[in-house]
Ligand code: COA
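Before any questions on how it binds or moves, here is one chain, the form predicted alone, in structure tokens.
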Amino acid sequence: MTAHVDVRSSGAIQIIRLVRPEKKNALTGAMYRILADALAAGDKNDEVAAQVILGSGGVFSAGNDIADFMQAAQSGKGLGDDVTRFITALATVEKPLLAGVDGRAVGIGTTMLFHCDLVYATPAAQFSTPFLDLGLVPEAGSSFLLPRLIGYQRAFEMLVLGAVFSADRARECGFVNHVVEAGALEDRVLEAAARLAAKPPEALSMARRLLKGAPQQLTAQMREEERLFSERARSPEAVEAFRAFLEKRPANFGRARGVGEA
């Protein structure tokens, strides 16, 4: 285990586990780097047939580590190379990708799931994407994938209104396959991964490619998302939103217009 991410193999399955429970598995730049490296290595490894992402401590991921994110945003380097590598890997991974979600999945903790082939969740799972409340825009291809997955209005409800989806609502909408008890979650995910690993690999790869379609439109939308996200991260609205978050007060976007002005 390195920098709060545990990567190990179980037979033909690579298991990537987020292990920063004291921070609700919030992602740092170092964690993004390991996640991107793990997905790339799993794709290249002939012994790996499927990859699984799990949380720990009753939480999947609280999204970006706020302090880490603000430092990156102020640097003017956009999302950062490691974040870009990870979300690109999600869109282009060639082997089946599964996830098991227990507890909160916030921001990237939710949007990464739209790239997965199968998602299992516990009754305690909650999915939210509070980008707009932080003065940002959706990321990781979510503005492309989610309307196609659950329909425009429900995607708008999650990505723009900021509604929190329960496990049952997520299953009803279609981005969670099954809701299972917490004690059975990991076994169910690994069982499904093992079933996929036992299938003819070339036929599996072709079927997956046919279902997902060509990635060019998705990756183009991801580049536009990243451009706007990086721009918004330095905006007066985002500055006010993050200040309010750290100061534990409601944001006042009426005064955001004056933030940073002479």
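Residue positions are given as counts along the sequence shown, with the first one as 1. In this text, rigid core is short for the largest set of C-alphas that superpose within 1.5 Å between two forms. Computed from a prediction, not measured in an experiment: that's the story for all the values here.
Unshown form predicted together with coenzyme A; subsequent notes refer to it.
Subject >> Non-hydrogen atom within 4.5 Å of coenzyme A in the predicted complex for each of N64, F69 and F245 >> reply: Yes: each residue has a heavy atom within 4.5 Å of the partner.
Original post:
For A26, is any heavy atom within 4.5 Å of coenzyme A in the predicted complex, or not?
Top reply: A26: yes, in contact with coenzyme A in the predicted complex.
Subject >> Interface membership of V106, coenzyme A in the predicted complex, 4.5 Å heavy atom rule >> reply: V106: yes, in contact with coenzyme A in the predicted complex.
Original post:
Looking in the predicted complex, any heavy atom of F131 within 4.5 Å of coenzyme A?
Top reply: Output for F131 is yes: heavy atoms within 4.5 Å of coenzyme A.
**OP:** Name the stretch: of 191-199, 42-50, 55-63, 212-220, exactly one has residues whose heavy atoms fall within 4.5 Å of coenzyme A in the predicted complex.
**Re:** Contact-bearing stretch, as computed: 55-63.
Original post:
Relative to the superposed rigid core, does the CA atom of E22 travel 2 Å or more between this form and the one not shown?
Top reply: Stays below the 2 Å threshold, so no.
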